[in-house]
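Shown next as structure tokens: one chain only, the form predicted on its own.
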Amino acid sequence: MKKSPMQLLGTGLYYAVALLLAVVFAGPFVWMVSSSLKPANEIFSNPPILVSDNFSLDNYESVFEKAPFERYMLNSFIVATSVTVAALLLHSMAGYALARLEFPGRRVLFMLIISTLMIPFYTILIPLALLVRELGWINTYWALIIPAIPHAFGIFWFRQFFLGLPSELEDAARIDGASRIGVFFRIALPMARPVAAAMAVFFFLANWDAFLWPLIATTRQEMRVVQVGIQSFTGEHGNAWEEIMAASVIAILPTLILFFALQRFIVDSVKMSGLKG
């Protein structure tokens, strides 16, 4: 079928806007990669140089020579993975209980949990730091992992999914003799895989990119996470921008791999969870 002039104009505008948004969102990343391959004197050159004639990987070598960057990466991986696994298990259990179990004050409890989303992290930062210090967790993985696990967003998302789950599946399992815990682990949780995968991406990215709390909870170099480690390339006499860019490219690679591997689950989780209840 031939399209009318108005339809062609609408299609053209659609692709023009999509291209503009792609440039806006991808532009900083492209510039970061380009700057990581340049010598320092070309990063702020005028006019800007996107592809340098002095293309080199020296900045990447310098990142690992000047700082134990592999240790920073390992710390971030341990923290992000531990928080993600613990949060998925505990949040799914809490969401299932709020969606399926009948107990007094269930809705009030849910509203209290959701209300914590309105509390800025900065307001609890000092009390949390004092508590962690009293527990003797400073410069330990406990300080980096435990405070990052609870989050109302994960509980809300799982609850919304379980509210839309057909109760007939659980009733059939209960008739066959399954306990409530058995129903959760054998029926509800396997069906929540799209939501769990999406939550895994969100939690991993959030904890991989964490900076403020790890900066406060750790003082020793060997306990730094990757985002705090990047700060080591700044100094009182200036910033080594070429090394900061190279370190940033290295730090972003795991998150990009994870996102592209699980991106379809994010779309599925939005379609399946809805906003019921």
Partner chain sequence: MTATDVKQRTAEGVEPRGIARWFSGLNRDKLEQAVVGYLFVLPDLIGLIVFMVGPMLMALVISVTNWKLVGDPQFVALQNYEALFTDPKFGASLGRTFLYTLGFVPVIYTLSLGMAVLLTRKSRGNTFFRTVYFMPVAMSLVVAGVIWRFMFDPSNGLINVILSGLGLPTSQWTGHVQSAMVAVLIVSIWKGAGYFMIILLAGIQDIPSDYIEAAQIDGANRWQAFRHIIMPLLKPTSFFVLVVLTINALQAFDQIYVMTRGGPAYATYTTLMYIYEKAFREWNFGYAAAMSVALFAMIFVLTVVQVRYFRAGEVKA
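Residue numbers count along the first chain shown, from 1. For clarity, a rigid core is taken as the largest C-alpha set superposing within 1.5 Å between two forms. It should be emphasised that the depicted structure is a prediction, and the values quoted were computed from it without experimental measurement.
The protein also exists as the form predicted in complex with the partner chain; that form is not presented, and the subsequent description refers to it.
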Checklist entry - Are all three of Ala97, Pro120 and Leu256 close to the partner chain in the predicted complex, meaning a heavy atom of each within 4.5 Å? => result yes
Checklist entry - Is Ala261 close to the partner chain in the predicted complex, meaning a heavy atom pair under 4.5 Å apart or at it? => result no
Checklist entry - So in the predicted complex, does Val85 come within 4.5 Å of the partner chain, heavy atom to heavy atom? => result no
Checklist entry - Any chance Ala196 has a heavy atom within 4.5 Å of the partner chain in the predicted complex? => result no
Next on the checklist: Is Leu165 part of the interface with the partner chain in the predicted complex - any heavy atom within 4.5 Å?
Outcome noted: no
Checklist outcome for this item: Within 37 to 57, the residues having any heavy atom within 4.5 Å of the partner chain in the predicted complex are Ile43, Phe44, Asn46, Pro48
Next on the checklist: Once both forms sit on the same rigid core, is the C-alpha displacement of Pro39 at or above 2 Å between the shown form and the other one?
Outcome noted: yes
Item to check | After fitting the core, Ile49 CA displacement of 2 Å or more between the shown form and the other one | outcome: yes
Next on the checklist: Rigid core superposed, CA of Phe211 - does it shift 2 Å or more between the shown form and the other one?
Outcome noted: no
